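Just the one chain here, laid out as structure tokens, in the form predicted alone.
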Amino acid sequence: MTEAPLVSLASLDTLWFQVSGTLCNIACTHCFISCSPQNHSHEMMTLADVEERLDEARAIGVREYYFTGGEPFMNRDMIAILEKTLRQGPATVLTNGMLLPPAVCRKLKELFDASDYSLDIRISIDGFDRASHDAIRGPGVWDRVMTGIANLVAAGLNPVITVTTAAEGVETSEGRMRFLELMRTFGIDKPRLKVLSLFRIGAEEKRSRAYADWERLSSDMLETGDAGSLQCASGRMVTSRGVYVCPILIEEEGARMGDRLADAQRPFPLRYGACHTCWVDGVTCTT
């Protein structure tokens, strides 16, 4: 077996929170963590949990914060968590868009207006229409997501739309234009679109295939300093179970780096198939 290359943490600029654990209100067929209403692998983080990590992050010099799950807005502390976070840095929430009633969207706009830092809401879509989207995310999801987007826009927010390559045709320029045009139907003059590669782990491994043996990085594949472009060179993920190297690998026990951010400063071996996807496709989970 070839030796896996190591990536050093150049600086901890980005901190992720698995704020709703692996609990989600839907079970997408391509979810790389297999989040669902029944998955308690990682539990909800409380406001106190997040505040403790924010204090650590401030001392280290973290520059931006991301909140994901599961579905972050299942966490009843989510608004309070964002209010606390926006006192010390920009925040982004990754959501399926289903739990965004008008009152929540108005509160998000109030937080956005009151902070010196930016607040982004990233909504995941996986199809150009109801049929293609709900085939991946479940019956009835499309309509609720469209309502959530409309509520954000009505409140004065411009969400970032994230699509994966599970959506057929999204990798083409025509496919991307279709998503941008969909966003313009909500009255968004400058739609924002982010396309992400699929990771063949979790539910996606069952939907399509697992990583092949050759889909692993070796030390001779990376030139000196190349690994610095990977997200794990500047970010870490915190969950109810500790600190992990990145948002993708929280179901890999070998990716757990310790109990505190100070424990997660050491280099990490890029031995997983997901590391191959990040490197080959140039993936970054940040906005």
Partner chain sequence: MRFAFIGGIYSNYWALRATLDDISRRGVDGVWFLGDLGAFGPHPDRIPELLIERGMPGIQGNYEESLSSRAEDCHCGYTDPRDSHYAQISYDYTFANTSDAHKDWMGTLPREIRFQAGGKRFLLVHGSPRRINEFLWRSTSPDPFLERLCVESEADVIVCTHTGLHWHRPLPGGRHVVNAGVIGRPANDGRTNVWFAVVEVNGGAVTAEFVPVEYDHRRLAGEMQKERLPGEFIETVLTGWWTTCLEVLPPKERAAGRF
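Positions refer to the first chain, counted from 1. Keep in mind it's a predicted model, so treat the numbers as computed, not measured.
Heads up, the form predicted in complex with the partner chain isn't pictured, but that's what we're talking about next.
S.K.: Does Phe186 reach the partner chain in the predicted complex if we count a contact as any heavy atom within 4.5 Å?
M.R.: No, no contact at 4.5 Å.
S.K.: My question is simply whether Lys190 lines the interface with the partner chain in the predicted complex - judged by any non-hydrogen atom within 4.5 Å.
M.R.: Although the partner chain is absent here, Lys190 would touch it in the predicted complex, with heavy atoms inside 4.5 Å.
S.K.: Does Ala155 reach the partner chain in the predicted complex if we count a contact as any heavy atom within 4.5 Å?
M.R.: No, Ala155 stays farther than 4.5 Å from the partner chain in the predicted complex.
S.K.: Within 4.5 Å, heavy atoms only: does Arg256 come near the partner chain in the predicted complex?
M.R.: Judged by the heavy-atom cut-off of 4.5 Å, Arg256 is well away from the partner chain in the predicted complex.
S.K.: Identify, from the list Glu168, Glu181, Asp116, Asp129, the residue with a heavy atom within 4.5 Å of the partner chain in the predicted complex.
M.R.: Contact residue from the list: Asp116.
S.K.: Leu23, Leu12, Ala264, Leu270: which sits within 4.5 Å of the partner chain in the predicted complex by any heavy atom?
M.R.: Flagged contact: Leu12.
S.K.: Which among 61-69, 24-32, 37-45, 240-248 is in contact with the partner chain in the predicted complex, heavy atoms within 4.5 angstroms?
M.R.: In short, 61-69.
S.K.: If we check the partner chain in the predicted complex, which of the residues in 84-114 reach within 4.5 angstroms of it by a non-hydrogen atom?
M.R.: Read in sequence order, the residues that approach the partner chain (within 4.5 Å, in the predicted complex) are Gln88, Gly89, Pro90, Phe112, Asp113.
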